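Read the single chain below, which is given as structure tokens and is the form predicted on its own.
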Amino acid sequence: MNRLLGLVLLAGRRLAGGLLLLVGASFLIYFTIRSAPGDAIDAITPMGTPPEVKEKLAADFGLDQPPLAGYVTWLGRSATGDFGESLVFAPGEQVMTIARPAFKLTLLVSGGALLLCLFLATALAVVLGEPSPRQQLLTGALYFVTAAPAFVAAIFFSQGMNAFVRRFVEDAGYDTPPWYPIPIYSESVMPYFFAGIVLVAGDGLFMDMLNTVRAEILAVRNAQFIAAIRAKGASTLPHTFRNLVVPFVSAFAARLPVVLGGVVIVEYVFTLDGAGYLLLEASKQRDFPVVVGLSVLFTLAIIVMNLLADVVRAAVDPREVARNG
């Protein structure tokens, strides 16, 4: 009972801290975008538009108020799920109506890429075992291959895939796949798969995950309690798995911001209808409500993931509750 109460209190403190962080982050996002040069109303109205029409549009979208007052108004609306209406991208459409399906797709691609990265890193860490000089050639090559930023990896991958299809499919007289050439809009799932591969291979994510996972696996394997269990002839697998849940969840949560940052350009390269692609398009068109809404959703996803990671750590490891009072 005491542990359950401690877990609830910990989750409550983390939730309160997450909400404060979200308010602070949303204020910075709102204020930064409102302070950008130019006028969003001028961007969506043709030359010669009467001033009274511009004033009405500014009032409708809350752009007639100072940034601080505008933020307070926006915060009150957004707390109910109303992020306003799109100015340019889809005029008159609710931001959440546009952003919700795109953001779900982005979370699916990002989360899938992280899970794939965690799985591959775990498999390779188990195969490699203890570090040895003979492994340096492999690990050095992996460092080199995965060191490029995600957008650079996306460009190289797309050009390489286009060259492969052109050489071995198109020139050979076979029908080209629907996703060729990259980038092209397609209902095929392959561009999403390609995006996941690029996210795993870019920004040094895989080697970072591999080093973290390998260190945790070796630490558990060499722990005294595992040696004692092994000496008794019992299986060490359940105990190993239980002690790896916390570091694996922490590794996933810690790297989500990296993946969400890289997915913006990767989605644009592969022409995916995700939140990253939508964010870039809305930014180019100065669609202020859409940019703010999507930026807040990205921030919210990171806060929620870290909150879940804290709850999982506390549920699996009682010491987490004790450390936090």
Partner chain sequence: MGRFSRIGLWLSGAIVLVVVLLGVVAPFIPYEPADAVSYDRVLEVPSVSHVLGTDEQGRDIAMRLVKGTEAFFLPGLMAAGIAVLVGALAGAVAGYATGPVRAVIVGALQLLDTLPRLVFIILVCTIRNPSVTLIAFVAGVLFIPTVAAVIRRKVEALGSEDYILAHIAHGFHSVWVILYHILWLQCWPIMVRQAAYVFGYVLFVETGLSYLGDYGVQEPDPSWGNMVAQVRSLPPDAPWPWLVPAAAIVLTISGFLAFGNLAARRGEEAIR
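Since the structure is predicted, the reported quantities are computational estimates derived from the model, not experimental observations. So that the term is clear: the rigid core is the largest set of C-alpha atoms that superpose within 1.5 Å between two forms. Numbering follows the first chain given and starts at 1.
Another form, the form predicted together with the partner chain, is not on view; read the next lines as being about it.
Judged against the partner chain in the model of the complex with a 4.5 angstroms heavy atom cut-off, the residues 58, 73 and 84 are out of contact without exception. Of the candidates 308, 21, 15, 9, 21 is the one whose heavy atoms come within 4.5 Å of the partner chain in the model of the complex; the others do not.
Proximity to the partner chain in the model of the complex, taken as a non-hydrogen atom within 4.5 angstroms, holds for one residue of 147, 215, 96, 115, which is 147. Under a 4.5 angstroms non-hydrogen atom cutoff, the partner chain in the model of the complex lacks residue 104 among its neighbouring residues. Proximity of residue 67 to the partner chain in the model of the complex falls outside the 4.5 Å heavy atom cutoff. The partner chain in the model of the complex comes within 4.5 Å of no heavy atom belonging to residue 63. The partner chain in the model of the complex comes within 4.5 Å of a heavy atom belonging to residue 152. Along 265 to 296, a non-hydrogen atom within 4.5 Å of the partner chain in the model of the complex is carried by 265, 268, 269, 279, 280, 283, 284, 286, 288, 291, 292, 295, in order along the sequence.
With the core held fixed between the shown form and the other one, residue 297 has its Cα displaced by under 2 Å. Superposition of the core reveals a Cα shift of 2 Å or more for residue 28 between the shown form and the other one.
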